[in-house]
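The chain that follows stands alone, in the form predicted on its own, written as structure tokens.
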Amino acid sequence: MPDLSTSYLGLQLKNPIIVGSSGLTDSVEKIKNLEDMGAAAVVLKSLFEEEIIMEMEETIHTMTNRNFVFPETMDYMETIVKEDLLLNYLELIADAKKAVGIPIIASINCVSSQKWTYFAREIEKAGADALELNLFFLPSDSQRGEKEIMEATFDIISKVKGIVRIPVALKISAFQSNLVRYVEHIDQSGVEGIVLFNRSWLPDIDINHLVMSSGFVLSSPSDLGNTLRWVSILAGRVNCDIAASTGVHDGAGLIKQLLAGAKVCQVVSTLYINETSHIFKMTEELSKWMEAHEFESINEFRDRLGQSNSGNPAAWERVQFMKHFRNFI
């Protein structure tokens, strides 16, 4: 049988499938099921910086409406709010580490380097094997340019890397003015991994009630191409591990991302659509494909079709349809 094992963030994995941050990873029971179904690691459902700060501000606002509050009380309340929000998360990490043998990767969804960085140390103490920082800067603010986004990103990295020893990965969006330069700078900052890409909440419009609504939450196989392009382009340019995320729905998608240069793939949507047993099917497809092509290990073919190794690097940067659609109609 082919060897499906790989490594990511210095962690040894039995195969390249990681279940991404979602409702699928928010309890020990669910994580145990994912391990039984063949998942090599899980990323826990994220803590959100905004939620933490909001609750802190609400508590502090309530306290400051009193006639007199000791400064020590304010410090105490701020700490208690943090600990209340963290407690269940830290217990989940500790309990999951006792219950399963696969790596547990914690996740924080953050937009700044405020006091939430305190949580990174507590997460490490709880036993997390790694930490994934989910960054999303929507380029809708005309006053916030690439320089400001770079500064915010590296401020976050610096604060977290300064207080933890576990490996750190950044999950980013594709919405950057110069994605290659952005990721190259991230690579130089010392993070161990980069995840391409996070999936943002998408708005929609309810035309019957004339209100804003939520768009479709799950990804589809058609989303694979954008991730595949950037995994291929970046694989030969950075030293950190690359995880492919968004659009990986089957064994073929998994194989394509590995050929493009990904170390692992994160899956979520396909498990909601096909149930968690779909992990077995994906690893089986990978194993049979490797047997058919006489590959004994993933390292024998990883990055074979990445931009720098494909023999046709320009194809990965093609953005026009003329050549492919000339005879389509």
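Just so it is clear, the model here is predicted, and its values are computed rather than measured. Residues carry their position along the shown sequence, with the first being 1.
The next section is about a form of this same protein that is not shown, the form predicted together with a small molecule.
In terms of contact with the small molecule in the model of the complex, the residue from K97, K159, R229, R199 that brings a heavy atom within 4.5 Å is R199. Figure note: of the listed segments 210-218, 178-186, 253-261, 118-126, the one touching the small molecule in the model of the complex, with heavy atoms no more than 4.5 Å away, is 210-218. Looking at G247, you'd find a heavy atom of it within 4.5 angstroms of the small molecule in the model of the complex. A residue is said to contact a partner when one of its heavy atoms sits within 4.5 Å of a partner heavy atom; K45 meets this definition for the small molecule in the model of the complex.
Not displayed here, the small molecule is kept clear of N15 by more than 4.5 Å at the level of heavy atoms in the model of the complex. Interface membership of A41, defined by any non-hydrogen atom within 4.5 Å of the small molecule in the model of the complex, is ruled out.
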